[in-house]
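A single chain, nothing else alongside it, follows as structure tokens in the form predicted on its own.
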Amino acid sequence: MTNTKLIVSHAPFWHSGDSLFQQNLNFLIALVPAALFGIFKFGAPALGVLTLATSSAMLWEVIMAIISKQKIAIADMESAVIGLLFGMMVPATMPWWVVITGTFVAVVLGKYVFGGIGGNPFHPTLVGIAILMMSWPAFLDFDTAYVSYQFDFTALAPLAALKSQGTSVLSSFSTYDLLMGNEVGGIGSTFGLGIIIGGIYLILRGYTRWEIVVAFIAGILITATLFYVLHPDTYAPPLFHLFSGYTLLGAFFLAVENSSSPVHRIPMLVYGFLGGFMIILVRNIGIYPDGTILSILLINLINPLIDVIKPKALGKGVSHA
């Protein structure tokens, strides 16, 4: 026998042909409609927040690469997506130092602490937003943030109004209004139609798995419908939940992040449905008006357990199969 040394590199062993840059560039393109709408509605401050969030996230990426003596991978645009998503989830009046702190937490604690690209068990943007929610919740109070703005629609955050005033506020928000962004909220999270267009674009390009999106939306609609049918005077109808808050952004852009979501089909369906299910539980019986951030972080946490679920092979365990 010859003395042959076999060397095998680590997975993945198959490549689709796309690069991280191409993937993240398409995510940025998909986010453009909702981001532009936010700039149009909230003005120059919104542009400032989006620009600062994106640029500071990329700067933290460079700083951490230098400190950890790693190759600077800013060109793959991963940090740009993290930063832009962060900016789209906060109000246009967010102070500059809070934006920089949030992107620091997202990039450093949400990504680099776990080893960088592909190692993060949670969506980095959600880590940054969640820390801000716990530390300075007043800065994410959309009703207070836009008190000096003049809008031609009901200037209330629908989920917060529902939590504080009950179902009497539902008449102020039609499905059309919610879909077209006639609500106050994060810079890029209010324009439901734009988010849907961007999300469908990613699905058609193959960068987002439809299984997670469909299961996530199904979890929202089915759970909200059950609550609404049982107590219509207490809980909001399912479409109100679907088109308000961070729901659509969560379905199309947050829950589908590659490193923190399943890779097998059945686990994807379970993962997505649990996310939608828990959002409605938090909104209807929890203390937080939205619940999208905490719910997706939770399914990120249990993702490794969900991803081992596999249906038994046909005939397995049957004698003489």
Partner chain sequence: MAQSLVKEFTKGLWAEIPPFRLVLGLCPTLAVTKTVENGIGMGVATTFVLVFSNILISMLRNIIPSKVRIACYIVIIATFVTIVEFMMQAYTYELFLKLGIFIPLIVVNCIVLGRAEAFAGKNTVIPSAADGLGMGIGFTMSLAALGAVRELIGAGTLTVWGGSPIFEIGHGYIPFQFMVEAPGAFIGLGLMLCLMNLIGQK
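Since the model is a prediction, treat every value here as computed from it, not as a measurement. Positions refer to the first chain, counted from 1.
Below, we refer to the form predicted in complex with the partner chain, which is not included among the displayed structures.
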I have 221, 227 and 284 flagged as a candidate spot, so tell me whether each of them has a non-hydrogen atom within 4.5 Å of the partner chain in the predicted bound form. no
Though only this chain appears here, would residue 72 touch the partner chain in the predicted bound form if you measure heavy atom gaps against 4.5 Å? no
I'd like to check something about residue 67: if you look in the predicted bound form, is any of its heavy atoms closer than or equal to 4.5 Å to a heavy atom of the partner chain? yes
With the cut-off set at 4.5 Å between non-hydrogen atoms, does residue 134 touch the partner chain in the predicted bound form? yes
Should residue 193 be counted as a contact of the partner chain in the predicted bound form, where contact means heavy atoms within 4.5 Å? no
For the chain shown here without its partner, which stretch in 163-171, 236-244, 125-133, 143-151 has non-hydrogen atoms within 4.5 angstroms of the partner chain in the predicted bound form? 125-133
The partner chain: the contacting residue among 197, 214, 155, 109 in the predicted bound form [heavy atom, 4.5 Å]: 109
Contact residue in the predicted bound form, chosen from 179, 202, 105, 80 - any heavy atom within 4.5 Å of the partner chain: 105
